[in-house]
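One chain comes next, on its own, written out as structure tokens in the form predicted on its own.
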């Protein structure tokens, strides 16, 4: 296996996508309680989150709840434990109780059309949070990150870790001459974002696969083959174990794995370590990417185990969701900076996209610790 010595990469070299805001109108009903007639303390916003088993959703829910309450609104935060009927029932109750706005991070973006119809009929504005609500025109606004850029960043991180790209993400002068073997993982197909992540990553990786720089020994190069239902760590670990058994039994070496999210990354790393492929990158562990900068994975990055993750500052995402709700409840339209990209199958949803950053061993302190997102003690322990 080739030497993957790491070059210094400061935060200034991290791939950061800046977005310029432009105005855009909402897509749904302009009825409801907006217009400033009611005081914030008389209004309730329902916040529907998919699960409590994923660190980021706990953080997102708490941040949205805190932001709404700071403005004087009552927030009803509910988690659905990755059960679609539970989330449907929770949102039905919010509508029945005549909540004034809804912020929804869906389990399955296509499973809430009847709830969205009911919200429209009741004049309740709906904000889709990070995961796009699909197949309904009754979605008023979407707040998310540039998900195509997330995938591009993951692919570039993989190529950098493999030595194909240098610290400026240009072709490396000392790039390996032999073909490098990689395997590809994707997210859950019922999450619309999974396709954006995949498309962004493959936009970068496909030319390298076509010219022979990279190979995928399993032949599993479609999103359907690479998908991981419900983003489950155990599912990713099992698939990685199966790939190692079926495609890496002889002299074939695995050099890197494209992973779209940190829980999957940790499952993949568990499988690689159990197969005796190294404990750290320095002693031969394949390059593994990630997403969400979960503290357990950031700790692994600091230890030289996981190569990278993508940081999406969910504090800012929560802020934008709260701003959008506040705008609707005051009879205004929230500010969009993208009114073209997010077609949910029934309408193009006005959106606010936030930038993302690549996290590596060389820059995690500057981006995550110095900004106060984590403390050094949390990174060392791997726990919040």
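Small disclaimer: the values here were computed from a predicted structure and weren't measured. Numbering follows the first chain given and starts at 1.
Beyond what is shown, the protein has a form predicted in complex with a small molecule; the following relates to that form.
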* To do: Heavy atoms, 4.5 Å, the small molecule in the predicted complex: which of 353 to 361, 320 to 328, 333 to 341, 53 to 61 makes the cut? Say which one.
  => 53 to 61
* Asked: Candidate spot 131, 231 and 291, all three in 4.5 Å heavy atom range of the small molecule in the predicted complex?
  -> yes
* Is the gap between residue 239 and the small molecule in the predicted complex 4.5 Å or less for some heavy atom pair? -> no
* Asked: Given that the partner is absent here, does residue 73 sit within 4.5 Å of the small molecule in the predicted complex, heavy atoms only?
  -> no
* Asked: Does at least one non-hydrogen atom of residue 191 fall within 4.5 angstroms of the small molecule in the predicted complex?
  -> yes
* **Distance check, residue 312 to the small molecule in the predicted complex, heavy atom within 4.5 Å** => yes
* **Sole residue of 185, 99, 197, 160 within 4.5 Å of the small molecule in the predicted complex, by heavy atom** => 197
* Candidate from 298, 139, 268, 261 lying within 4.5 Å of the small molecule in the predicted complex - any heavy atom -> 261
